[in-house]
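Take a look at this one chain, the form predicted on its own, written out in structure tokens.
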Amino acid sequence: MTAYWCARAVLPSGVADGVLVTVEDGRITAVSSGAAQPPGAVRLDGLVLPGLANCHSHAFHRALRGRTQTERGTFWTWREQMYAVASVLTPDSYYRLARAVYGEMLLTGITVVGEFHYLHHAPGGRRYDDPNAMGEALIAAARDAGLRIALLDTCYVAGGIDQPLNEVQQRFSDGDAAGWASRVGRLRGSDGVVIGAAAHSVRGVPADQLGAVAGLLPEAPLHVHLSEQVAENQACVAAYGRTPTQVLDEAGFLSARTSAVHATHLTPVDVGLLGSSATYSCFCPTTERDLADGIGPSVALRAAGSTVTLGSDSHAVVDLFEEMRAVELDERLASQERGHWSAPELLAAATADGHRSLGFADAGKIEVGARADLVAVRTDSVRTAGTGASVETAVFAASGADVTDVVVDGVHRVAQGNHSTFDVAAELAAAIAEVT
């Protein structure tokens, strides 16, 4: 049994002082407030939050940070730079890069990652001896970095609607949805690993194969990129006479286990379909602004019944605090009004709601029975000093740099800002140099 004493913590009932959290076998067995620090308990200062959920990640995109800002362009020109990195990765180099990236996530309070994984095969589409070598590398990287993973194995079999795959995209493809399903069937989850499914997009999976993707793992998380770009919508309407959301709906893809990633350029009908099906909308604001995608209708989606979650996607920034407040701040830019999202609502998107969308419904809250994930945030840094140790401070003032300690499944993985097993910055530098 382990005990953590939190100077102040965010509980389901609100912020409380002197919170003692008792942990056994990775689960919270008792929570009490107003307690003095007992002998032997690990002290967590500042404001302690539940673990954060990064619901949309492409680990290898982290290698692009600082390398894509020198030219004017669009999402489509950025994509060519992304393909250059994708073309050189191996299972070993991907493991090293992903472990470092997941280490960076852990340092900022992220305790679970949803990895949207489509880099499956060797160059030219050649199969590795283990056809899931790249996916297994990501699972190992998450385990060794110290966080949980939902491996969202992604079907990607077309280069665009009615377009062939390009040379790099050959690495992504299993030929068709049936080939993808055969490979995914060999993957196995564990206590800290969820195997989920994804369709890259209506560009990457033909409409008549979307149903097969949705049906493979009927109890698991199901994700898809949706309407990130206007050009995607235009191509879909031209080919199918319907929006991407309508195509997904007709394929039976939308449901309470589905996450629509980006959900940026939606019609009112699209918003209604996502809401009525209880599909999650996963916003990635730092990537969406970095790639000039646009601002999604977060308030309309919430009103329709779609729960918002958050991801760092391309890792232009790895900071769920920035993603949280960006949902509200971007809505202010679009509407010229303030006060659309409260701090508790945004924190829920980054914690309990996000974990649930990734198949970890037992995480994201500091309560008895939940996974013992604790994130201590400084309230005396230059960003947070004088703001008060509140949820508003965490969401609208703090950053990932203010995280001092992280506990995952009861294990103290980050202490005083340092990873327990490796130098994350050094590992990032080495891993990125290897692939760029």
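All of these numbers come straight from a predicted model, not from anything done at the bench. Each residue number is its position in the shown sequence, starting from 1.
The following text describes the form predicted together with another copy of the chain, which does not appear among the structures shown.
J.: Just one of Val424, Leu20, Ala16, Val23 has a heavy atom within 4.5 Å of another copy of the chain in the predicted complex. Which one?
T.: Here the answer is residue option Val424.
J.: Taking 4.5 Å between heavy atoms as the contact cutoff, choose which of Thr29, Ser33, Thr387, Gln37 touches another copy of the chain in the predicted complex.
T.: Looking at the other structure, the residue within range turns out to be Thr387.
J.: Residues in which of 404-412, 391-399, 368-376, 40-48 have heavy atoms within 4.5 Å of another copy of the chain in the predicted complex?
T.: Heavy atoms within 4.5 Å of another copy of the chain in the predicted complex occur in 391-399.
J.: Quick check on Asp330: any heavy atom within 4.5 Å of another copy of the chain in the predicted complex?
T.: Answer yes; at least one heavy atom of Asp330 falls within 4.5 Å of another copy of the chain in the predicted complex.
J.: Although another copy of the chain is absent from this view, report whether Arg289 comes within 4.5 Å of it in the predicted complex, heavy atoms only.
T.: Output for Arg289 is yes: heavy atoms within 4.5 Å of another copy of the chain.
J.: Can you work out whether Ile139 and another copy of the chain are in contact in the predicted complex, taking contact to mean some heavy atom pair no more than 4.5 Å apart?
T.: Because no heavy atom of Ile139 falls inside 4.5 Å of another copy of the chain in the predicted complex, the answer is no.
J.: How about His265 - does it come within 4.5 Å of another copy of the chain in the predicted complex, if we only consider non-hydrogen atoms?
T.: Yes.
J.: Could you pull out the residues of 128-160 that have any heavy atom within 4.5 Å of another copy of the chain in the predicted complex?
T.: Going through 128-160 in order - heavy atoms within 4.5 Å of another copy of the chain in the predicted complex - there are no hits.
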